[in-house]
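Coming up is one lone chain in structure tokens, specifically the form predicted on its own.
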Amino acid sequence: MATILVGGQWGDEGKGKIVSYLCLKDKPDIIARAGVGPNAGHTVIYKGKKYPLRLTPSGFIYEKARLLIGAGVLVNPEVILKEIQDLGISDRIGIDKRCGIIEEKHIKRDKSSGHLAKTIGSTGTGCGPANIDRANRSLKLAQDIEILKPYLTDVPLEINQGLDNGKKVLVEGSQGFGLSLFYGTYPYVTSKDTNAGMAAVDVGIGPRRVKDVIVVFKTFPSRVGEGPFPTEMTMEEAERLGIVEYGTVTGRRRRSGRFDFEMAKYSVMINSASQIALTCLDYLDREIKGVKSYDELSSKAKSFVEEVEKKMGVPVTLISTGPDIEETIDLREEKL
């Protein structure tokens, strides 16, 4: 059975860190990337080195895993080829032959559109215009790009055959619930759905193939770009708390806010979450940074975790207390 991991807020929840931890701990045979495309960045910090990723699955650090990019993901050939070279993963990555291709014309349209670039706060990576062309049936696919042919595969076939043979599959979504084209803060959203059901579609598996859905929440959620943010705090307040972050793709300063329980509960419902991963808990109490045991958490931190569990009705099984993969509390054996 497959596990799907998605973001529960506006992206930047720390999915890359959680995926990487799960891959080192659980050793999945296949790690598949779902989501929109290179407009979402995942940052992995492992053994002191930072890896900013835009298309490669964050679990690449587990060297025995097959890495796949689902047909629902838009691919910029320049971006993925550079990541393949930089990460040395040419022998184990597969790109679905039906992935849509982002061309320079899409990027130009994205950046020149006053509506997308200025009003909505698009990342300018060409994803929206490319998805428009896909809907118009005029988009190039990966199978049309000669330089991608060495990496092309049938992702649904690989994953479903793997599941038939008892292999572990982890599906990694991108962005977050609040950016869903259908359920997010429209029109300040991305160009497709971002939830667990869509992630399954992106990689070609049906709902009966999914065992667990892990929704990642950030203790102090953040948002890049325009759009509603009901619990937003001022930049000055964020700085007093030591929260100064920048988007992986855009480099823009992230807006920060307090945990929104109402939004989180709706996200849990839409995603049918079976587990919650809670990141940046150390922002709540700096003294717990790097703690790896629940017993070592402060009473303030424990109270927050318990409040999330009570209000969501879903167990918090993974807690991040710092950016490094090893700074993680794993409660799955106790709670599942």
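Treat the numbers as computed from the prediction; the structure is a model and nothing was measured. Note that residue numbering begins at 1 and tracks the sequence as displayed.
The same protein also has a form predicted together with a small molecule, omitted here; what follows describes it.
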Contact label in the model of the complex: Gly14 to the small molecule, heavy atom within 4.5 Å: yes
Heavy atom of Thr43 within 4.5 Å of the small molecule in the model of the complex: yes
With a 4.5 Å heavy atom cut-off, would you call Pro315 a contact of the small molecule in the model of the complex? no
Find out whether any non-hydrogen atom of Tyr62 is located within 4.5 angstroms of the small molecule in the model of the complex, and reply yes or no. no
Look at the stretches 154-162, 135-143, 200-208, 167-175 and give the one with heavy atoms within 4.5 Å of the small molecule in the model of the complex. 167-175
The listed residue (Ala277, Ile30, Cys280, Ala273) that reaches within 4.5 Å of the small molecule in the model of the complex by any heavy atom is Cys280
Heavy atom within 4.5 Å of the small molecule in the model of the complex: which of Arg109, Lys97, Lys265, Arg254? Arg254
